[in-house]
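Only one chain is shown below, in structure tokens, and it's the form predicted on its own.
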């Protein structure tokens, strides 16, 4: 077994032999089936989503007083659909579960048990998270489409053929978001509670990327904002949905791949150092 819980050997589940990568598919599938049984509970959050979107529809409706007016290059319909898409990702991902589970495992000492399992702990958490949003996100996406079509109207110039590229960017954005939240939670190896840092990160994403697109902010700040996770987590995917262009898609995909690579390397380093600290202190 590897020292830090990343085993290279295959594992045996119920008599079936799996290669290393397939164990995470098993974890994903088990969480997916579990969440399917509680789809009604997920739907309980629809009311909060509807209230939030209703408020923003009225807010932007007030700000766009002249038909055809543009604000930061967005029409009224594009601006509202942008908020609906970013909120769809925010509500549909439930990334707070990643931070909460990791923090609880470290504080309770359960991490010492889990890191000796035949899988890498961080990939285990990401597999569980992916299984959760695989049910939640489509439900919220359907709700967003219904609300948007009824209360705002169809998204102008929407390109149905670009949906696969949009979906890839959304999935990458959710994964990057989870990786960075996991990195913050792993600091619980050294500090008692990483919640304040999670709060700061969440509010940065919420205010700058979810509620308002990057273009709404002063031009001097826009290049800086595009160098943060905001660009790849929520702004980029939502921008492609409301105003798709092949050039923009390639730019966002390149930034997402870069951020995902950096985030995974950072996550691995923090985890290894944290586990080493645990071993030094006697577990």
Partner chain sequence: MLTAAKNQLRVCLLSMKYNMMREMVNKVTFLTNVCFMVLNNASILVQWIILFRLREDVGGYTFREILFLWGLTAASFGLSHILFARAFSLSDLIIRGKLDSYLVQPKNVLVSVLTSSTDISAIGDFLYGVALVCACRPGVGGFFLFLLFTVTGTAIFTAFALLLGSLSFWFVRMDILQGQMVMGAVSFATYPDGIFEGISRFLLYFIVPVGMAVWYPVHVIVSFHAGMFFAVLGYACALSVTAVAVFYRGLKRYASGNLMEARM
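Positions refer to the first chain, counted from 1. The structure displayed is predicted, hence computed values, not measured ones.
The form predicted together with the partner chain is left out here; the points below concern that form.
Contact check for residue 158: every heavy atom lies farther than 4.5 Å from the partner chain in the predicted bound form. In the predicted bound form, the partner chain lies within 4.5 Å of some heavy atom of residue 196. Residue contact check for residue 224: none of its heavy atoms lie within 4.5 Å of the partner chain in the predicted bound form. Although the partner is absent here, residue 58 lies within 4.5 Å of the partner chain in the predicted bound form, judged by heavy atoms. Here the chain stands by itself, but in the predicted bound form one stretch of 254 to 262, 240 to 248, 43 to 51, 226 to 234, 43 to 51, has heavy atoms within 4.5 Å of the partner chain.
The candidate spot formed by 96, 133 and 138 lies out of contact with the partner chain in the predicted bound form, as no residue has a heavy atom within 4.5 Å of it. Of the residues given (151, 206, 145, 162), 206 alone sits with a heavy atom within 4.5 Å of the partner chain in the predicted bound form. Checking 211, 103, 174, 166 for any heavy atom within 4.5 Å of the partner chain in the predicted bound form turns up a single hit: 211. If you take 157 to 191 and check each residue for a heavy atom within 4.5 Å of the partner chain in the predicted bound form, you get nothing at all.
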